[in-house]
Ligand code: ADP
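First, one chain by itself: the form predicted alone, in structure tokens.
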Amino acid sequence: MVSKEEVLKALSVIIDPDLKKDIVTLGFIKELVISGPDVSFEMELTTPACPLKGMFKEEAEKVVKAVPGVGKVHVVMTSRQANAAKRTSGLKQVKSIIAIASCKGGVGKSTVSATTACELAQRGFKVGLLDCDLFGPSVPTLFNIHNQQIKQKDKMLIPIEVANGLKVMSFGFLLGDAPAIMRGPMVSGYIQQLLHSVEWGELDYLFIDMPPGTGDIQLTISQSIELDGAVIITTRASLSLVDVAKGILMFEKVNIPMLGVVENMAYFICDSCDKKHYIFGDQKSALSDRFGLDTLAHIPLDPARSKPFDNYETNEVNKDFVDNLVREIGRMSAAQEKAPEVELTDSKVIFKMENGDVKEVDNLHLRDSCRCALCVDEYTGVKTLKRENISADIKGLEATQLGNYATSIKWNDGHSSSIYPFKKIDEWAKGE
């Protein structure tokens, strides 16, 4: 008779390309049952929409069937529910909640939010989209929904269902065309209602279209519900990138993991030459090098993106972006990497690595290496910060760990938007 050890050994040859470990070590295999020659088990992936789901199932069936004595193989694909057990009210059946933020208006955050939700709904997943911008709600316009009467059941708001079963809710449905004239406690009250008094039912993903900025509304959302991650939408323009750093710092301060950055309106393709023209400068300096986060997509300027989403049509850019996002959600939920410890001294910044290595970087060199939008011209990529203008007694006052990918340092010259990706530590330690 086939043993469980033989089956697990066979399955251990399957490596998750994102987590770099085999699926047995990662704990993906659940409820393994052997009945005579037949083998059945669950494979619990890190997120429902994992684009590798089909590959994992096919490989698992193949390697187990190759074990001598195995007859039929039955694999049930499931997924982890992250923070779902902690959720209450209308969110209690939501598996994963992702915030999509920009921290600056006008960069296309709501359009990207709608694109993400529509793409996953079209793939057959149960998806919701919550528009939390009280003063400039976008969902009614994006989905061409006007004069909609919101229904209630047992004091819970019922979301509107659009194409492919996507559920949407917006303060704009309650407000209509009237301006939102309110402040303070009233604002917080409406946000709490949107967060906790909508009956979403069972969802694989709920995407929250955050309002721009890093103020009361954003903090209320971040601290009122268990968010599984956040995505920052930006353009490469200097004003936008200044706010990217602020947004990253805000989410990290309230312990919400950052999933990545989306560069919107990155380029346009000329009708006559088919060349990509980058509006805010070329790709010489990747956003991942600047912030330590993966760039999930470079989205072009395209007239098709201005169409209402009530007749959503997918394309390769959208497919690739959502695949990258979903894989990052899965990777984040299973992340076991430990960030270096950061120690600030009068002359150096010391990075103590998980493997015991210690890397030391001179304060002056690290301050001079800042790549934020205040220290580098975003269009040309040329440094605007001059080394000779940095004080000789420069030192860090406070270091804030940003997930397992970077640290932010507040310097004694008043500069507080420096973000230093850990993958660059070796370069800085060598003086590069």
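Numbering starts at 1 and runs along the sequence shown. Just so you know, these numbers come straight off a predicted model, no measurement behind them.
Below, we turn to the form predicted in complex with adenosine-5'-diphosphate (ADP), even though it does not appear here.
Looking at 347 to 355, 150 to 158, 191 to 199, 305 to 313, the stretch with residues near adenosine-5'-diphosphate (ADP) in the predicted complex, meaning non-hydrogen atoms within 4.5 angstroms, turns out to be 305 to 313. Relative to adenosine-5'-diphosphate (ADP) in the predicted complex, residues Thr46, Ser79 and Val326 are all farther than 4.5 Å at every heavy atom. adenosine-5'-diphosphate (ADP) in the predicted complex comes within 4.5 Å of no heavy atom belonging to Gln218. Contact check for Pro340: no non-hydrogen atom falls within 4.5 Å of adenosine-5'-diphosphate (ADP) in the predicted complex.
Among heavy atoms of Gly106, some come within 4.5 Å of adenosine-5'-diphosphate (ADP) in the predicted complex. Remark: Gly213 does not count among the residues lining adenosine-5'-diphosphate (ADP) in the predicted complex, judged by a heavy atom distance of 4.5 Å or less. The listed set Ile225, Val261, Met265, Leu130 contains one residue whose heavy atoms approach adenosine-5'-diphosphate (ADP) in the predicted complex to within 4.5 Å, identified as Met265. With the partner omitted from this view, the residue of Met250, Leu301, Val162, Val75 that lies near adenosine-5'-diphosphate (ADP) in the predicted complex is Leu301 [heavy atom within 4.5 Å]. Contacts between 27 to 53 and adenosine-5'-diphosphate (ADP), taken as any heavy atom within 4.5 Å in the predicted complex, involve no residue at all.
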